[in-house]
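A lone chain, given as structure tokens: the form predicted alone.
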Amino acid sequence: MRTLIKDHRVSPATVERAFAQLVGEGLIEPRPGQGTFVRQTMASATDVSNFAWQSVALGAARADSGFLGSLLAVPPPESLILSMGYLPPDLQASGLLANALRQAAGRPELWDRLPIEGLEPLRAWFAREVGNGAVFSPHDVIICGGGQAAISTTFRALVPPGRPVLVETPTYTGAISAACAAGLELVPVAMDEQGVRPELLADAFRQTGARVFYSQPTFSNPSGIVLSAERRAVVLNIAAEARAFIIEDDWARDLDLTGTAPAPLAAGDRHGHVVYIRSLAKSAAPGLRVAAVMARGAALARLKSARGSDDFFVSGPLQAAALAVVSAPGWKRHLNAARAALIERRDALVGALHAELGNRVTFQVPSGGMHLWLRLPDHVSDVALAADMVRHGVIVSAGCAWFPADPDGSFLRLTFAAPPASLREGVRRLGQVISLGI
């Protein structure tokens, strides 16, 4: 990475995009924990397939999925994983899921066709989770195949292609990918330590004519920022004045580590401005691809229509297993155990960063979720550093992928879900690599 940046006098982001294009064309293959390799071809020298015509037929790509694909790739087992999107196996609700699936598999009615909206008891559970059921009814809930599917469906349902959608910056890279795939124009709105800046949000609505704002107001991924209580009412009022929607992605509601997380924005919404998304994969296990999107009024009808064109409905046994898991007495015990472990591991990561890097990096200690947003010295390239760390057997994520426009610095997203020993060793290696470049 560093050689390419130097030889061609280009930015790290340009090299990252070039790598993503080569991955998409099947010419190179990223292998987490090992590096990037030229792919072996099956054709002989005298029988070379020519796929060049496809570039003309397909036209320009609407989304760059190179980074998201590498983020989702399963790394080698010997890697020290300091960036991941889910709880590791030792913190997952595996036992609860196994029991629930065994019971659900034996119910013939679950293998039949289901309503697009999903099983009514599961929809009722999701509805009760928001304001004790005072905001949404089961009728307002649609079950989706995971949080990413819910985000993609919501963008397509609410925003016509080519129209702007406002997003926090930095923001969830999966949302960036989904918006680009839907042909939307991303408009970044800056944040500070209290969340999105209201005056900039209001200006963005006025200047762009946008009607949708995608937000993670509680434990934003990647920054971990929580929108302050004072700003929550202001943000709702701004959306109301703009006659716009807020897509509230409440991805880490179950991973509140201090018990101080505020209620969802949706709990204070009277007139249907908030479309609310809640997923179970982050708090249970990655394989539990069950989430809910909740809305009222005409937006709900649009969502049902878009949802039906995706895959008709989520698997009945999977929905029933999800309901059994969240209704079981062991679910609360699982969440309490996961939170306790995450607190211990977060503190281990924070301690290691202080010990190894001191004041060379800055960060805020997150109160929920599973990610820590690390600001690097401005002269350190996050893309080059992440590539260097792969060669040292450590998986970290370059921060530039979480910015819908030019980043305002150099960052890494570190996840504190790994065991403490792995976190300490990973940070030790990170400190060594950074020291060589400073």
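Everything quoted here is computed from the prediction, not taken from an experiment. So that there is no doubt, residue numbering starts at 1 and follows the sequence shown.
Although not depicted, the form predicted in complex with a small molecule is the subject of the following passage.
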{"item": "Triple contact flag Y86, G146 and S279 to the small molecule in the predicted bound form, non-hydrogen atom at 4.5 angstroms", "value": "yes"}
{"item": "Per-stretch contact check against the small molecule in the predicted bound form, the hit in 308 to 316, 181 to 189, 202 to 210, 146 to 154 (non-hydrogen atom, 4.5 angstroms)", "value": "146 to 154"}
{"item": "Answer option from W125, F245, Y172, F363, heavy atom within 4.5 Å of the small molecule in the predicted bound form", "value": "Y172"}
{"item": "Residue (of R253, R339, R232, R289) lying close to the small molecule in the predicted bound form, criterion heavy atoms within 4.5 Å", "value": "R289"}
{"item": "S223, heavy atom within 4.5 angstroms of the small molecule in the predicted bound form", "value": "no"}
{"item": "Heavy atom of D249 within 4.5 Å of the small molecule in the predicted bound form", "value": "yes"}
